[in-house]
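Below you will find one chain, with nothing else, as structure tokens; this is the form predicted on its own, and questions on how it binds or moves follow later.
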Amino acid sequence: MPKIAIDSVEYEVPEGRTILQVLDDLGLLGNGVEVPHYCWHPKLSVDGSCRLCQVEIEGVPKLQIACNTPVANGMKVHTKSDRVIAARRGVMELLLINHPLDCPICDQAGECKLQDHAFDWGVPAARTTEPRRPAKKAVDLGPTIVFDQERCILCRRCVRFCREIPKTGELGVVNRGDESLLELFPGSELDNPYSMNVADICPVGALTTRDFRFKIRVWFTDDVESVCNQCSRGCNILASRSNNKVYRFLPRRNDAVNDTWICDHGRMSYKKNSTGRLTAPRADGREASYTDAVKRAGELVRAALDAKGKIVGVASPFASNADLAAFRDLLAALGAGPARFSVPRGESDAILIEAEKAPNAAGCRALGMVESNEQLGRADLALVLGHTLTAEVFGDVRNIVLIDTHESALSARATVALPARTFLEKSGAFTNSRGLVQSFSAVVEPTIEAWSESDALAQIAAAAGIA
């Protein structure tokens, strides 16, 4: 492996990588070694168009761009020399000739790389007197993305993303030189299952999502690490919250799971946390307090036990591993067989989207639960987490105790229905389709009285007199 020196510190690095790639591999980029860049992205091909990542290499007369310069044994790289700093200032002055300094009204303010680098390397005043070139404002590129053309610095990240990740290629740069513009290809629109990732990788606020645009300033939010629950991939996400409300999901980099992307469906699923919720406990068709509903559920469990009736368990592939384990243990204490579960299925692709539309089917299988969509048959009591099985499957079940997050036909059918916390309202872990156990943290507190499935099960067991 070649050895190189960066700012006089020697590192052993993989062969065949570029300077920026090895800085990223070593975790030094932006974490001790500053090599500003716009067009380079760790998961896209090299473009070399922004010229901001220039570094000085001993023995090489001209400055070189770090994104496209392979490392070589004995290479000595300088990222802080006077020549490098002067080059950065020159590039920033060029980029700011046409880019408006509209940070007070720009939705990217607070997380804009141009804003950051202009602060670090920008010149104090413009030396040009010519008017800025005219450009389009607030252009709809498709159902999800809005384009402010005057902010675009032509880094081409969005162009490469559409060509290389979803391979739809809706965007391109037309014309040459000062006439260059980012445009949609005629007759097309930006409408692929991953379209909103272009807003994440746009470094300057030219591309913003229609969903988050002008909702809230980012400095009023903080990001909590979580895991998407819309399919068995388990994409790593950040949930931006403020005032106990989730405003958006962003992809969180994990090269073993989702690189730096998430699909649009998963991104927009944050809205499900607050819509269609099961907001109040019910017992025997009437709204009840949580205490009274738990007491009624305990009575049903005790009655089934005393009558030596049949008790069945139905688990949810949306529940966490801890909740599933608590369910398994309670069923064992009741003398019931292993829980059944059902997994919703849909379309998949070769990028991230998987056919199993639940985050923890692998966790159910690992705990010995049995996948089945068949009728439950005659039973005195069904203990149920979630509603992935239709109400018709419970046709011959006398009583249903349901712990669920959302309203459904099954919650209307249940003898007792107890609200549960969503994955954004509790901490836990999911096991994804590759067997990787990934933890997530509580993002918000529920605005209703709701408990995790394991806590609700413990209360029911106590009410039934089960140790």
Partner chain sequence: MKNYLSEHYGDDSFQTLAGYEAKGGFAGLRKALAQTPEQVVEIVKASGLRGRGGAGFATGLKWSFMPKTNERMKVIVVNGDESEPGSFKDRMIMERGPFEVLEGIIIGAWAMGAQRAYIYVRGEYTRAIRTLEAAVKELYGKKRLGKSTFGVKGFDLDIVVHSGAGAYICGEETGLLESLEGKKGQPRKKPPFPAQHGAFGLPTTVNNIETFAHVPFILDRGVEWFKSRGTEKSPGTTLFGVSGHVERPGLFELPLGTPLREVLGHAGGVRGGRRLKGVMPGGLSMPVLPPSELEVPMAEEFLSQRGTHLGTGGVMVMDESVCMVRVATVVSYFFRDESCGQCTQCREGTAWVHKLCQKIERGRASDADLALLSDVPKLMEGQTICAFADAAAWPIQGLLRHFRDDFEAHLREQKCPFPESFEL
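Residue numbers count along the first chain shown, from 1. Remember, it's a predicted structure, so these values are computed and weren't measured experimentally.
Although it is not shown, the form predicted together with its partner chain is what the next lines describe.
A single residue from the set Glu56, Glu34, Glu407, Asp47 has any heavy atom within 4.5 angstroms of its partner chain in the predicted bound form; that residue is Asp47.
None of Asp284, Glu392, Asp255, Glu130 but one reaches within 4.5 angstroms of its partner chain in the predicted bound form through a heavy atom, and that residue is Glu130.
Taking the partner from elsewhere, Asp396 is found to have every heavy atom lying beyond 4.5 Å of its partner chain in the predicted bound form. For the chain shown alone, Gly90 is a contact residue for its partner chain in the predicted bound form, at least one non-hydrogen atom being within 4.5 angstroms.
Within this chain, Pro70 lines the site of its partner chain in the predicted bound form, having a heavy atom no more than 4.5 Å away.
With a 4.5 Å cutoff on heavy atoms, Arg51 counts as touching its partner chain in the predicted bound form. The chain is drawn here without its partner chain; in the predicted bound form, the stretch among 154 to 162, 190 to 198, 223 to 231, 349 to 357 whose residues come within 4.5 Å of it by any heavy atom is 154 to 162.
Residues of 158 to 191 that come within 4.5 Å of its partner chain in the predicted bound form, judged by any heavy atom, are Val173, Val174, Asn175, Arg176, Gly177, Asp178, Glu179, Ser180 in sequence order.
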